[in-house]
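The chain below stands alone, shown as structure tokens; this is the form predicted on its own.
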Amino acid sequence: MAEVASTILVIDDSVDIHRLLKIRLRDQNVAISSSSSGQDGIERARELLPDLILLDIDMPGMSGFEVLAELKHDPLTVEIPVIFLSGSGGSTNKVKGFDLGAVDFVTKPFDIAELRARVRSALRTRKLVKMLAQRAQVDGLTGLWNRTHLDEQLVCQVSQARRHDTPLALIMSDVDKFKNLNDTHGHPFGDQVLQEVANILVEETRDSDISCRYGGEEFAVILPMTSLADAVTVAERCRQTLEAYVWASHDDLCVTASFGVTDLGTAEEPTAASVIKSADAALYAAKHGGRNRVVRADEEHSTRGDCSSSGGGGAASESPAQPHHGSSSAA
């Protein structure tokens, strides 16, 4: 299978530079997009999220330094490497560029062999950093993304939703009476439960949704381009699938989970922290209201399916969970 081409965004006011770079880099397995101004380049970077940006310093209206400063203050673009292009090779520009976060500096007119080498180096580093970051953000037990990834992605998704005025929803879920499951059936079975919950979340959501292990027996799903009502439907589908699941070694056992659902418009503020707080409060309401139900954050409404076997997993009664508003301890 052919390697997927890396994406490069060129931000330069010179049409000739765009033509030259497309010709000289066409054999480097890269897809090049072009922007002729600083502000347009920033918007293109947010939309494309390229693997590398080649940025001219001397542009009318908005300089490359100003563009880079804005890119590095945006959570969507802060990690994208930037190589500065400049007709001046003076140390002052280089120092300023590196201080702002540029990864390299190429002087015009280009030495083509040097330019290609610097582009390849930046793309290799970018690929390695992304690979290491992804590995560090995967939960070892369930294979889902972990809390760190959730926090980072929610910030990005909220930013995108606000910018484009699109819906964004969040589901939080907690396995009911999980401590009793561990105490009664052992931690290996508890691990099996967490793995199956993870599988259900992946199977019942879209590829574009982001399923994460929030911590312990808690999970979260970010649903871009999704209304609150549609997210409630997804959560209810997950709830029903888990409730109906037959455990091979415990066929009389019913494992359930509670779900809290919110969206960007329901949260007190259009921020990632406020969205989590809103979903967390809805989850608390679901636990407090009897468990094994879906509660949406904007109204006193829930759906519930009753386990007919083992009284909801055969676990003893426990006091309602309190809203945590922070990371949960690992299971």
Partner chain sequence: MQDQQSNPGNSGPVVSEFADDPDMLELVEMFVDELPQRVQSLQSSFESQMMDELLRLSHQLKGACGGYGFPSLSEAAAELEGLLKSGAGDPGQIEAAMNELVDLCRRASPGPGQGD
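Numbering follows the first chain given and starts at 1. Remember, predicted model here, so these are calculated numbers, not experimental data.
The protein also exists as the form predicted together with the partner chain; that form is not presented, and the subsequent description refers to it.
Novice: Pick from 23-31, 47-55, 264-272, 289-297: which stretch has a heavy atom within 4.5 Å of the partner chain in the model of the complex?
Specialist: That would be stretch 23-31.
Novice: Considering non-hydrogen atoms and a 4.5 Å limit, which listed residue (R237, K72, R116, R126) is close to the partner chain in the model of the complex?
Specialist: Of the candidates R237, K72, R116, R126, R116 is the one lying within 4.5 Å of the partner chain in the model of the complex.
Novice: Give a yes or no for I17: in the model of the complex, does one of its heavy atoms lie within 4.5 Å of a heavy atom belonging to the partner chain?
Specialist: Yes.
Novice: If we define contact as a non-hydrogen atom of the residue within 4.5 angstroms of the partner, is P109 a contact of the partner chain in the model of the complex?
Specialist: Taking the distances in the model of the complex, the answer for P109 is yes, it comes within 4.5 Å of the partner chain.
Novice: Select from 205-240 the residues with a non-hydrogen atom within 4.5 Å of the partner chain in the model of the complex and write them out in sequence order.
Specialist: Contacts from 205-240: none.
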